[in-house]
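Below you'll find only one chain, the form predicted on its own, shown as structure tokens.
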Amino acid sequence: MKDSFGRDITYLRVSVTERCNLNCVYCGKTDCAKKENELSAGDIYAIASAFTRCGITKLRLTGGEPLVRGDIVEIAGRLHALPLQTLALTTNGVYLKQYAADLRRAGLDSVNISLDSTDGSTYRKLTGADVLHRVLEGVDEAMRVGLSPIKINAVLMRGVNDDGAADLVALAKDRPIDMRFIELMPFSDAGEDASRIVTNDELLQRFPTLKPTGEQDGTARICTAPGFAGRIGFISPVSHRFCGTCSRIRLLSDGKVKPCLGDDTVYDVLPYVHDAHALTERIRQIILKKPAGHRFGETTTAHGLNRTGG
């Protein structure tokens, strides 16, 4: 289905929870452990089914941290039955070693892992937890069970973790993974500080051996370097707006639909969940209301969002 600006809306991101087991400095949330109203596995399936009737072909499970839900494997298994081309998940990786095999058997295709530093001290300062080793074990386990592609997402902040960019790039040297850098977005005090933003253009200048391939993987510009098994991606929502080709829409964990990450407008679909026809029509109406572009730089909130939910 096309929105009112002619964009094909094919990609649904489903936040299954606002809870998280980390407390990252750029996230914008204040109580990551608090359990809000969360859709049941059945309601998630019903709403996602309606979205597929409206043309969604790619679905990503996000949060919060989706692996804090005890029924995440059940959710993945139910969604796998839908007519999707891709079923993916974004995680901070702390519980990935535990869940990777079961999720793969349930039908999960690929995984994105949030990792902002390979230095234990810096990682602990950014996330509030000393669990870097568990994240790296989760990456290895995802590779072992055949989740593909595996993408690692990093947000760099000047003077905080940008000195570790080279070590993050090196993760893709010997591994067939995508290492992706996402510009800091204004969801917290850190994100509102423009001096903290490390643009992807600056990173390309820092690493002249990285050469654009001409490929575009979703919103990521793809680069590679001689001898690399993997690829480097750059996602630039701040310095290079890509709203004109946006294909995404978001379902929040409380049953509200957010057509644009960078706009506060949300629409409730939970009252329609038991009427498939009404639910589908409601979603069609919401897609038509998707705004032309984000409002980063203006006043926004982080409702239902952190880095894995973005």
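Numbering starts at 1 and runs along the sequence shown. Treat the numbers as computed from the prediction; the structure is a model and nothing was measured.
This protein has a second form, the form predicted together with a small molecule, left out of what is shown; the following refers to that one.
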Can you check whether Val155 is within 4.5 Å of the small molecule in the predicted bound form, heavy atom basis?
yes
Residue contact check: Tyr26 to the small molecule in the predicted bound form, 4.5 Å heavy atom
yes
I'd like to check something about Thr90: if you look in the predicted bound form, is any of its heavy atoms closer than or equal to 4.5 Å to a heavy atom of the small molecule?
yes
Test of understanding: in the predicted bound form, would Ser114 fall inside 4.5 Å of the small molecule by heavy atoms?
yes
Heavy atom within 4.5 Å of the small molecule in the predicted bound form, from candidates Met185, Leu84, Leu210, Met179, belongs to Met185
Which among 252-260, 272-280, 58-66, 37-45 is in contact with the small molecule in the predicted bound form, heavy atoms within 4.5 angstroms?
58-66
